[in-house]
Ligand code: NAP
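Encoded as structure tokens, the following chain is the form predicted on its own, with no partner shown.
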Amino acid sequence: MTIQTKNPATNKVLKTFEPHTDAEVDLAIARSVVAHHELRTWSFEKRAKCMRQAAKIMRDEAEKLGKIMTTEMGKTLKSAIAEVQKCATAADYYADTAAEYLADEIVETDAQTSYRAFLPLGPVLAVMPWNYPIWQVIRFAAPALMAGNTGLLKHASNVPQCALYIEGIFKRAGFPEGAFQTLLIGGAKVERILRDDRVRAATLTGSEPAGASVASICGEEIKPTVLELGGSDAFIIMPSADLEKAVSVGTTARTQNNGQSCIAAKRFFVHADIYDDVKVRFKDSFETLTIGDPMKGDTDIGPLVDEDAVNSVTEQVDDALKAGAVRICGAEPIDGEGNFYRPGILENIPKEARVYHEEIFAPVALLFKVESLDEAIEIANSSPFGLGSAIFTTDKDEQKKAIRELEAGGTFVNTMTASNPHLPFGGIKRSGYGRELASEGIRAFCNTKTVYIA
């Protein structure tokens, strides 16, 4: 299978790459082991120096790398540049905090000395998606390398230039040869790598079927995994909310990254007392979005990643409309060159509609009228997913209730769901398990070793 860059704004193939052979993959794994044995002996200060250099490279080359991202998967250039800058911030953060996160933790026992030590496991396979092609990788790689692990990246096959660029960043930053390597392979080759004894763990961000496959294989091999899968995030708006802010943030939360985000707000639960007002505001907000060339600075919405993505959301919307949902605006493909899709809103979604239970990976918002916060939480929790959630309200009791009762890996109050290097990130239920980022993320691929000295 040829790996290629295909511009989703034009559907033209721009570059092709030959996949790595099994022999080349084996050599990469061997280099990863050697690099781990070296990196684990480095002091945190030495690792941090390289990580800060990686951050500098990303800042200096944000526009160059951003253009590659936009060309490969269609996000707007302004958002691509912002993504690279966020990655640089994360790299600096782990350079600053790794030593603290991984310091020995003294535990008082009857021993002379006893403590927890956090030691790296070794090579980790990272299976990463196309939608945030740099951030998804860096939020694994920065803490992993700072912990002394090494990374093997199997990136999505439609972003090979991004994948190779990331490898180059860590090489230029001064990490050991083989510390972070890109494997240009198809999905069928992943199992062979997971079953290799030299590969000690795996992390995956992607679809539910892909996550289930990796978890199953690693379960047989007794290897730890972290999975961040799909989401159908709830976004609740209550009468006390600042409606202008709620709609503005909600529009961004649903349409960010052209609507292709696991943590995008997808289901909007609006209290009946303000529903009609909010609906009009959302319609106006969606209809003012600028759709077009993602390289242009005034573009809000670029193309979906490929033709299959357009066909998939079109089928979901058609199914919802046939089941009785009502189209408020948009939610339809745009004729012409490229994979463009008009952002839209549906309401009155019946339980029989696929989108009531499925993730919709495109800029389509689902509006639900609810009579109470209890009803909003009940419907929100009926989803098989549990990644993020948000609520807009100034009522402290409502905030506490949402935080306590929403079944999700995170609840954001009066703002949109986002990942932050300072805080753990991940989901529950069908959205995966384990955590990236913060202390939980950097320790995810460490051996928490008990040390007892009598």
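Just count from 1 along the sequence shown to find any residue number. This is a predicted model, so every value here is computed, not measured.
Although it is not shown, the form predicted together with the ligand is what the next lines describe.
Colleague: Using heavy atoms only and a 4.5 Å cut-off, determine which of 77, 183, 190, 241 is in contact with the ligand in the predicted complex.
Modeller: None of the other options qualify; the answer is 190.
Colleague: Taking 4.5 Å between heavy atoms as the contact cutoff, choose which of 97, 383, 255, 131 touches the ligand in the predicted complex.
Modeller: Exactly one residue meets the criterion: 131.
Colleague: In the predicted complex, is there a heavy atom of the ligand that lies within 4.5 Å of any heavy atom of residue 271, even though the partner is absent here?
Modeller: Contact with the ligand, no.
Colleague: Going by a heavy atom distance of 4.5 Å, is residue 228 a contact of the ligand in the predicted complex?
Modeller: Close contact exists here: in the predicted complex, residue 228 approaches the ligand to within 4.5 Å, heavy atoms only.
Colleague: So in the predicted complex, does any heavy atom of residue 218 sit within 4.5 Å of the ligand?
Modeller: Residue 218 lies outside the contact set for the ligand.
Colleague: Heavy atom to heavy atom, is residue 309 within 4.5 Å of the ligand in the predicted complex?
Modeller: No, residue 309 stays farther than 4.5 Å from the ligand in the predicted complex.
Colleague: For the three residues 279, 285 and 346, verify that every one has a non-hydrogen atom within 4.5 Å of the ligand in the predicted complex; reply yes or no.
Modeller: No, none of the three is in contact.
Colleague: The ligand isn't shown here, but in the predicted complex, which of 140-148, 108-116, 314-322, 154-162 has heavy atoms within 4.5 Å of it?
Modeller: Among the listed stretches, the partner-contacting one is 154-162.
Colleague: With the ligand taken in the predicted complex, which residues across 342-370 come within 4.5 angstroms through any non-hydrogen atom?
Modeller: Those in contact are 359, 361.
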